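Take a look at this single chain in structure tokens; it is the form predicted alone.
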Amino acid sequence: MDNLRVCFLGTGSMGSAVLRGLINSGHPVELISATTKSEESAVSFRAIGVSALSVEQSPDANALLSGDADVVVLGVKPYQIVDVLTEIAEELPKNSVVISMAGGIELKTMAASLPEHKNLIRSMPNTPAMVGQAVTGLASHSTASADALDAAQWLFSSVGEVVKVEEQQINALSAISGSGPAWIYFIIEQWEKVAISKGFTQEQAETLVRSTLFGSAALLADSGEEPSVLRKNVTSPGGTTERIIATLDEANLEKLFSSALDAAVNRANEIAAAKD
């Protein structure tokens, strides 16, 4: 994989995170190219050795840079995917691996725009990619080669863990891990509000909640125990923690989380249907 030419079309927060993770993993920077919206962003990438063009100054930047790429990563918004694929179709090498990071855009939609290209992959990384702690889901088109999927796994391994799934699972995966950080941050927000309502300062609430979260996650990772075991270790019979768990259990969090996930999957299906 060390000699693969990787081109990022669109370098927002996620595309930039994967690009920088690839560099940090030791991939030769001279084999990495990128297109950006603004010339300012292109200049910043060129400063670290990436071959970068902005669509602001070069409207055909996507077609120009993807012309010799082994792997093309689509970091543009979902509504831009079809237009970008149409734009690069004639220049793109037939054996290139084309990876979309756009939620809701199905492989059949990509294939309709690239009928002569077989190595099509959907990916769903999450924002911890920015600190090298992502979880990325991958789903490949039925025509994609094993080598193509391996290349995608190699790429996203530079920013964390990778899970291979069938395409019918990718929307659920997106809701679980792709949107997962938002679940966590929302819970933290509410947890801190409760702490403040009990008389703690904002600073104290942040320390109590965030340090507890970080420490608990570290213990889960280091201990090798199941969450249920660690929970029971904290929950003394007849104690205060038992009352907390009982109250949360009465709220039927499993049903609530399932409803939230279903809502996200339904929205992804709506986005996909709009592109059919």
Ligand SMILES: NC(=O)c1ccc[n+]([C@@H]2O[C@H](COP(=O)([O-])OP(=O)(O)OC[C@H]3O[C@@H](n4cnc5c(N)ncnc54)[C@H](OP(=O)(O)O)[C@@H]3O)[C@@H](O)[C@H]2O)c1
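Quantities reported herein were computed from a predicted structural model and do not represent experimental measurements. Note that residue numbering follows the sequence shown and begins at 1.
Below: the form predicted in complex with the named molecule, not depicted.
Taking the partner from elsewhere, no residue among 66, 86 and 151 has a non-hydrogen atom within 4.5 angstroms of the named molecule in the predicted complex.
Residue-level contacts in the predicted complex: of 155, 124, 97, 110, one residue has a heavy atom within 4.5 Å of the named molecule, and it is 124.
In short, of 165-173, 188-196, 88-96, 73-81 it is 73-81 that has heavy atoms within 4.5 Å of the named molecule in the predicted complex. Residue contact with the named molecule in the predicted complex: residue 37 places a heavy atom within 4.5 Å of it. Contact annotation for residue 41: at least one heavy atom lies within 4.5 Å of the named molecule in the predicted complex. At a distance threshold of 4.5 angstroms between non-hydrogen atoms, residue 21 is out of contact with the named molecule in the predicted complex. The shortest heavy atom separation between residue 55 and the named molecule in the predicted complex is within 4.5 Å. Taking the named molecule as it sits in the predicted complex, the stretch 101-117 comes within 4.5 angstroms of it through a non-hydrogen atom at 101, 102, 103.
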